[in-house]
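In the form predicted alone, a lone chain appears below as structure tokens.
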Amino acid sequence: MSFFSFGQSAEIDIVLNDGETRKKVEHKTEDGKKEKYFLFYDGETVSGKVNITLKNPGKRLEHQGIKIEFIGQIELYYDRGNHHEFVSLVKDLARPGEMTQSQTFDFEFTHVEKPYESYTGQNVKLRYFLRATVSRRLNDISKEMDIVVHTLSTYPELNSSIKMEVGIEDCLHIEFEYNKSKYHLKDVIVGKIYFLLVRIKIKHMEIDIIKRETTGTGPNVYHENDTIAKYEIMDGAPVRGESIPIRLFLAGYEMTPTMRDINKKFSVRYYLNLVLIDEEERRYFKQQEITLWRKGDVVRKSMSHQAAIASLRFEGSAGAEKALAQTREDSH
């Protein structure tokens, strides 16, 4: 609905051509609620109809033109009035004139580049939307419709394990190892912790997954840390030579792929944080970044090529180039 106090005489509705069959996903809105939106991927066409219904049949509606836009934008909450558009496409649907009856206009944005994942964070929002506008002399009539974009990645087989040591000289020496450094969003983190030397009384040990959102540049950089998951490894004192296995299922947590320097505006990174607490309530930390990526639910041939492109953009490695070449071979 568009609400205008004076002279409103039309209502706009945007309908997608494949709205009956296109998948919908839940996405967090700015107020923390979840709503369902149509899901799109990079390179997919966005097409549909704009229905303009006259409120008072028989009365004419003068306008300065009718258009539809497809927009991808980043909004930093501390800079509210400033929208940074990284995708901006416009289609004119009608020249200036007048409407005497309700009308429907077709539109199509072909193979639209949607380079980044939709994201609603603590200090930043990245959104994609369609906006249809009837331009008028006094007040435009417009309607927006948000969509959600997921970025798919395919990773090369090279995915090295993480080995780390936590040590306090002559008091404590712990090694921990995770099976890999890159995980897809429904993956399982498998690891092991070895106690090589224990001379302090540890009473509690946990692994946290920390999400760090960084926005802004230069003096205006904001870091927002959020503990996504806490996984208790141990309650009580370990002994030397003991090893503890870890299995942490990611599917139950709300996470996005790792986002690095998106449009030079923000980043979202994830860290595994090992926390040890001794009997005197002293805390010992060791943090390690992990990379999260989104795997396609259904690997479609048309998508796998786009996923490789996304991976190339995201990773920029020779391995990703190889993956891209591989999808080309597969599709022939």
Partner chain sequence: MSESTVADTRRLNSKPQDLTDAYGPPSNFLEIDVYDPQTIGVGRNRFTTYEVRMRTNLPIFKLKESCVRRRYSDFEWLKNELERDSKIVVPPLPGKALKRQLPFRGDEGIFEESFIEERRVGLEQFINRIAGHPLAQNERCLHMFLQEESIDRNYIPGKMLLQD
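Residue numbers count along the first chain shown, from 1. Just so you know, these numbers come straight off a predicted model, no measurement behind them.
In what follows, reference is made to the form predicted in complex with its partner chain, a form of this protein that is not presented.
With the cut-off set at 4.5 Å between non-hydrogen atoms, does Pro245 touch its partner chain in the predicted complex? Pro245: contacts its partner chain in the predicted complex.
So in the predicted complex, does any heavy atom of Gly241 sit within 4.5 Å of its partner chain? Residue-level check for Gly241: yes, a contact with its partner chain.
Is there any non-hydrogen atom of Asp92 lying within 4.5 Å of its partner chain in the predicted complex? Contact with its partner chain, no.
Contact label in the predicted complex: Phe40 to its partner chain, heavy atom within 4.5 Å: The answer is no: Phe40 has no heavy atom within 4.5 Å of its partner chain.
Its partner chain in the predicted complex: contacting segment from 165-173, 253-261, 220-228, 144-152, heavy atom within 4.5 Å: Contact criterion met by 165-173 only.
Heavy atom within 4.5 Å of its partner chain in the predicted complex - the one residue of His111, His83, Arg212, Lys192 that qualifies: Exactly one listed residue reaches within 4.5 Å, namely Lys192.
Just one of Tyr270, Tyr284, Phe70, Trp293 has a heavy atom within 4.5 Å of its partner chain in the predicted complex. Which one? Filtering the options by heavy-atom distance leaves Tyr284.
Sequence-ordered residues of 197-228 touching its partner chain in the predicted complex, heavy atom within 4.5 Å: Result: Val198, Arg199, Ile200, Lys201.
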